[in-house]
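Next up is one chain by itself, shown in structure tokens, the form predicted on its own.
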């Protein structure tokens, strides 16, 4: 009988895919923003207000913010799992990271839809 020893979380392929998919989403949003900034009017408050009053821009920005948070979480979690050996410290840092990323995402939602 072969005993299977679990030695980690085995996120592997899921992490790799998450990093690639979120990177593509962020790259597409960045290209859209560069296009918007380079075509047209000088950027002033009124231009930004008009741009972000459109629903598609709010949704695209929220998708970018969520992708950024997920991308950051996967990267920081993997770094913490690799380099922080005491379990309690690692868990504390992971929880702290999740709280900060959640607060940033909540702040982005508040800015976009207030």
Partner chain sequence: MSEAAARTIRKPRPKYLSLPALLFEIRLPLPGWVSILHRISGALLFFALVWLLWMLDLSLASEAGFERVQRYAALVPVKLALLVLAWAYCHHFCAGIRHLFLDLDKGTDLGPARLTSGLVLAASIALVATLGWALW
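Everything quoted here is computed from the prediction, not taken from an experiment. Numbering follows the first chain given and starts at 1.
The next section is about a form of this same protein that is not shown, the form predicted together with its partner chain.
**Student:** Would residue 20 count as a contact of its partner chain in the predicted bound form, using a 4.5 angstroms cut-off between non-hydrogen atoms?
**Tutor:** Residue 20 belongs to the contact set for its partner chain.
**Student:** Does residue 44 make contact with its partner chain in the predicted bound form, using a 4.5 Å heavy atom cut-off?
**Tutor:** Taking the distances in the predicted bound form, the answer for residue 44 is yes, it comes within 4.5 Å of its partner chain.
**Student:** Would you please decide whether residue 24 lies within 4.5 angstroms of its partner chain in the predicted bound form, comparing each non-hydrogen atom pair?
**Tutor:** The answer is yes: residue 24 has a heavy atom within 4.5 Å of its partner chain.
**Student:** Please run the contact check for residue 54 against its partner chain in the predicted bound form: heavy atoms, 4.5 angstroms, yes or no?
**Tutor:** Heavy-atom contact with its partner chain at 4.5 Å: absent for residue 54.
**Student:** With the partner left out here, if you bring back its partner chain in the predicted bound form, are 79, 82 and 104 all within 4.5 Å of it by some heavy atom?
**Tutor:** Answer is yes for this spot.
**Student:** Which residues in 57 to 72 have a heavy atom within 4.5 Å of its partner chain in the predicted bound form?
**Tutor:** The stretch touches the partner through 64, 68, 71, 72.
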